[in-house]
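Here we start with a single chain on its own, the form predicted alone, put down as structure tokens.
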């Protein structure tokens, strides 16, 4: 690293944007490869998703022993998880432990928001301006900005006039919120809400849950970590990790390779009951064809609806909680504890707003279109995120010829392998659109991407290459492949989800993740690297390249301080 104190320009081989699980993994692996690296993080702590999502009940839906780094055997042997599914505080402690154990903090700059990312064509480097006035120059930029990091607060009439407190689950107050004895409203019934609601109901005077679309929620079946389970995992971690990296979803959940269509009704029911008792996301591994055959999917959906009816005492409430016109698993499957049971409490009311929408946030609470009013002291938005593209579009990198990513993605995101974007040389995206991303154990997908990025950077260093860039044709072919893979599933028939961007007004409705399987995807990107990086163009270094033009950098530095 070279520092120019006159302009506050700092030069690195790579700059990583974001210090969540992806950023922490990237700085460790890049540093191990001899790459000078700086991580820029807007928050005042590491952790990303697990730093911001502090809402009561926040918990991972992938088992703790799976949802962890594999890059250090010493780390995975020494760390002890207290529960089958770790809660937010424990996961955040883990990420901080990793940062401390490997002395990563010296390469991480907190309280530093990136406000501009621009490719400097003269010097063939990326220039990053920040809200602190500092400017960074890097040959490579790694976007570790997260796929669920831009909270979506609906534009609701009257919100500014609300006299009580309001929060979004994805940006919960750092010091917490006292909800005891208060009238609380929760808008939304997705993953965050189904974890939050049972906890809030324990102390609230009254809890109103405003539901537009019912979702499927599986019991997590969480419990304290069993010593014998932990021992078995730690003795067999190499095999466990290998299995996860080659699996369909990047973890060790057992998949039934039989088609539901081939099984008797009794065998189907037995398999679904087994999955219900296993808990969490196991339900979606019940049959090979659960996400491709409408009849098999409906059988599983009705099984869950009957569980709801047998759990919730009030028949009208139970039916309102039963998802309709929604294939199970085509919206994010939820995992929680005592979610449906919570609606049996006297201080909990389900308010369906599907046909009677919220009209106004009044100073005292919520008013529906029919005039019904609900007095509230606290309003909680569990309304999700601008998923997968939100953070990247917000930063809006400027690539070759002054083209902005937001413009390139105006009709929906296009990438090559979910890793790179044509026209943005040496810019890598971790778990971007067009990769398994949210359809996988995120830690597995993060490590696969970081491994590939480090290998590519090392290849360029050894061969004297200055730039790497996806070709337009490779990007078009891959984007078409992502769409085709989704079209063979029920996802293509369920477009009202954040997988398609449908939760964001004006966002192009395009299916964003890759559903071809984590193992298949990993083989594909590995083969591409082995075959000389098919679909990529490399640019050689020439005289003067590698050092930015002073005049252009000075202008960028001035812009960053404005």
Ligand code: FAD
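Positions refer to the first chain, counted from 1. The structure displayed is predicted, hence computed values, not measured ones.
What comes next is about the form predicted in complex with the ligand, which does not appear here.
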### Task
Sort through 223, 157, 105, 113 and report the residue having a heavy atom within 4.5 Å of the ligand in the model of the complex.
113
### Task
Check each of 421, 207, 388, 144 and return the one that places a heavy atom within 4.5 angstroms of the ligand in the model of the complex.
144
### Message
in the model of the complex, does each of 60, 67 and 446 have a heavy atom within 4.5 Å of the ligand?
### Response
yes
### Message
Check residue 475 for me: does it contact the ligand in the model of the complex (non-hydrogen atoms, 4.5 angstroms)?
### Response
no
### Task
Give a yes/no on whether residue 148 approaches the ligand to within 4.5 Å in the model of the complex, heavy atoms considered.
yes
### Message
Is it the case that residue 521, even though its partner is missing from this view, gets within 4.5 Å of the ligand in the model of the complex, heavy atoms only?
### Response
no
### Query
Would residue 40 sit within 4.5 Å of the ligand in the model of the complex, counting heavy atoms only?
yes
#### Entry: Stretch in contact, per heavy atom within 4.5 angstroms of the ligand in the model of the complex, of 404-412, 148-156, 477-485, 342-350
148-156
